[in-house]
Each structure stands twice: as structure tokens, then as C-alpha cells.
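Let's start with one chain on its own, the form predicted on its own, as C-alpha cells.
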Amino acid sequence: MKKTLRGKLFVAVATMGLLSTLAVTTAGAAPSLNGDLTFAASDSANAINPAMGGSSFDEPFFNAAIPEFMSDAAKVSGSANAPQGMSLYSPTGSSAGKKGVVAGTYAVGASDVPMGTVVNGTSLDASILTNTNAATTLNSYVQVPVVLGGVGLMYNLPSLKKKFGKDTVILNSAALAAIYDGSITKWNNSAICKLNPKIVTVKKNKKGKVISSKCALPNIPVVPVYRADGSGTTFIFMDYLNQTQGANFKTSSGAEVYPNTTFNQGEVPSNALGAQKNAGVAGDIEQTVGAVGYVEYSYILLQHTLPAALIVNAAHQAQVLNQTSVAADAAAFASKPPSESGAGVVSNYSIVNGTNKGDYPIAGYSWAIVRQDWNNLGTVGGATANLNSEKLVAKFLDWAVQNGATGGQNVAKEQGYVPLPSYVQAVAEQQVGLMTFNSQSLGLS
């Protein structure tokens, strides 16, 4: 199926050498949408329940947004006409989100790395995108940026908290790479202590010469926790390590570890713990003294009690993870916003390691993936694949990316995400506007 193109641009997925440049021809861009929540009785929205699932990075957003969407729609259209029974989102992981939307078990599949991404000449989705029919052809889908969030390094060091209170451990990309490839095995490793002068006790003689120093970081094993399932959060974390420490972060055979949705290219230490989904990683960290692992910020901010490390950014600042610092990182890439080519390839999606002061360097967008045209599909995500079902999903996605008084990005902010920048929101609206039924516009306004 031929997709309407996004305007005249050249797509260069140069980040990490992902893809060669693709030339895209000129065509009319889809109109901006406004999150309209009008449903008529003929839309049958109250009887439609499309399944959604995938990235656990997105779970706090979707599972707060879905009931809010139904509530807002009922205020506009009345409870008799508005959707009433939409199920909550299933946090099965980014890889499962892609597979689910291709298989038709999800009406919306979410992933923190766009479908069709190619790294070092290898497609991350080769097993599901075979290009033999419309279901497995990339340009049969639209990909909508829905949330912007940060990936925190959550850690469990109770002895440090008892002695230093709110002082937070500082880590940098070199230390993280060494933790995850097994080079650093103890928390009081000199490289980590050097990053944390506030928790090093120094004694000097009368002449000011240092005669001793003691690092308060405990002499206990570092237990790295990683995602055992296919994970876009893993991809964002590995993207950061690759861009900052690619030459040093290698497998035992000496090959560079390139970003992927799993850690099977890495040299994960023998004491490392593999967990399912963001919630599983956070749970393992909470239960394991000495553990450290990467989780989406919402899981630290709202659901757990352990801190996140400050991360040294490209401007050599130890930066705390919060919505302001994630927004600053995204702003560093404003001149090259995400876009999608006519072939369905998303470019400029990586926003790790921004170079501005105040940037938190491990951040990314997450993407809702949906079939562009539902005609003749039978069922999608358990719902009959008719015009009404597709319109409901399109209206939900349109509302989800809005920054207005009743838009879904307000929900995102409440859950610890950063509202989409205006230029990314415009991309999202255009993507939703490309959805058709039997090649005809859905008539969203």
C-alpha cells in the first residue's frame, strides 16, 4: 500500500550509522488535528474495545490516559455515545508491542524504538517485517510519537542513604559501561569514588597535604539489572552507551556492542539480574542491596522509593533526572525533529547525550504503531476492523498527543513524562492524519 509522503525532506538516519540516506519526494502533508472528542450514536464507540500493548516504558501513561480519554469524551459527547469499555494497556515490552500490532492482536502496539530500525545494516525487526504481504510491510503502518521520557539509573545502597541522606550517587557513561560489561565489580571502585567527592572523607596535614582519604561507597558487589525481554528502554540505554563509550563497550570477542532491544550482544556479568519489563527491573533493584538498573522515570518518581543516580552529561555536569532536564535534552535536537519517510522509516528518533547544559543524557520518545488502513483486516486487537473502530483508535491517539486543556499530554506530565515539544506534536498529528479506511480519510478534525 502506498503511503502519503511527509513533504520534501532527506531522511538521514545517521545516528550510530543506522541507515543510508533516503530521498523522499514531495507530497501534501496531513492536516493538523485538534483532539476532537465528538462521538455520535452512529459511531458505536461505546461498544468498541480495541486492545493495546507493548512498551512498559509507556505503561504509566497509557493506563492513566485510557480512562481519562473515556471520561473526557463522555463530557463532550455524553456517556451513551462515548467509548465506555476500553481495556487498559498491556505492558508486554517493545518487541511484543511490534509483534502484536503486526499479528493483529493489538490495535495499537507501542515501542521505544521505531519499527523498521536498521542498525549497522541489520534490521531489528527482520523476523516480523518480511515484506511479503501488507501485514509485514513497514509502510502499511503509521508510527506516532506519544511520550517523551527519561531513563533513570535506580540503585539500592541503604548504608549510603543512612549516612548521607539525600546526596545522590553520580555516575557517568564510562562507569555504566564498565558496570554492565563486568569491568567494575564493587561500588567502592576508584572510578566511581572519583565521581563522588562529596562522599569521600579526606584528611590533610597542617600543610594541607592529603594524608588519607576514605570513600563512603560500600565495599559490596555491584549487581547490574537489565531487561531480559525485548525492550525499547534497553535500546535507549544501549544507544547512550554506544554514542558515548562505543569503543570501550565491547563483547568478549572484541566486537563493539551496538544498540539493540536485548543485551545478548553485551558481556553481562555473571551476577547480573535479568528482569521482565520496567516494573520487573525496579522490583529486582528494590529487593537487592547493591543493585543498579535502568528504568523509565515514572517508575522511580511515582511507584518506588529508591533514588536515581545523577548522570554526567556531555557538558560535564552531574545532572539530576527530572522533567526539566529531559526536556532540555530533547530541545538539543530541535533542529532535527523526528520524521517518517514514505517507506515508513523513522529518522532522527535518537535524542541521547544532548550537548546543552542542563541536559539529562538518557532520554527518548516512545511510539504508538498502528495499521494505516483497516479495510479488509477482519479484526484488529479483538475489535471488528470497520470504519468506526479505526476512527475510535485514531481519535484516541489524536487526543493522546494534544497539549491542550484536556489533551493526553497533561496526563503524561502527571505521570512523570515531558509533554511533547510542539514540533513533535505536529509530527504526531500528521501521522494520525494519515490513517485511512479503504484509502479514504477518516474525517478527523
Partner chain sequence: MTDLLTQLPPDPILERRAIIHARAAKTIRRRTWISNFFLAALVAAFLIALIPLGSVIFALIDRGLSSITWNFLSTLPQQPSLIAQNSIGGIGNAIEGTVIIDGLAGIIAIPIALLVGLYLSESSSRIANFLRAIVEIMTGLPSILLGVFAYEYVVVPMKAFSGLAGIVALSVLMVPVIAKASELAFRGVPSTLREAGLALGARSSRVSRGVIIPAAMPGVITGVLLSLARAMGETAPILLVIGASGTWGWNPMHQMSSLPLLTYNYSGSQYPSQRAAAWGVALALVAMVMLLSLGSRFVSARMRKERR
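These numbers were taken from a predicted model, which means no experiment stands behind them. Residue numbers count along the first chain shown, from 1. Between two forms, the rigid core is the largest collection of C-alphas that superpose within 1.5 Å.
The same protein has a further form, the form predicted together with its partner chain, not shown here; the description that follows concerns it.
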Legend entry - A400, heavy atom within 4.5 angstroms of its partner chain in the predicted bound form: no
Legend entry - Close approach of N388 to its partner chain in the predicted bound form, 4.5 Å, heavy atom: no
Legend entry - Partner proximity in the predicted bound form: M52 to its partner chain, non-hydrogen atom cutoff 4.5 Å: yes
Inset, instruction - Answer yes if any heavy atom of T234 is within 4.5 Å of a heavy atom of its partner chain in the predicted bound form; otherwise answer no. - result: no
Legend entry - Among 105 to 113, 147 to 155, 312 to 320, 330 to 338, the region lying within 4.5 Å of its partner chain in the predicted bound form by heavy atom distance: 105 to 113
Inset, instruction - Work out which of Y141, F249, Y294, Y297 lies within 4.5 Å of its partner chain in the predicted bound form, going by heavy atoms. - result: Y297
Legend entry - Candidate from T379, T38, T406, N34 lying within 4.5 Å of its partner chain in the predicted bound form - any heavy atom: T379
Inset, instruction - Scan 78 to 96 and note down the residues that get a heavy atom within 4.5 Å of its partner chain in the predicted bound form; none is a fine answer too. - result: Q84, G85, M86, S87, L88, Y89, S90
Inset, instruction - Answer yes if the CA of A330 moves 2 Å or more between the shown form and the other one after aligning the rigid core, and no otherwise. - result: no
Inset, instruction - For R371, state whether the C-alpha moves by 2 Å or more between the shown form and the other one after rigid core superposition. - result: no
Inset, instruction - Once the core is aligned, please say if the CA of V146 is shifted by at least 2 angstroms between the shown form and the other one. - result: no
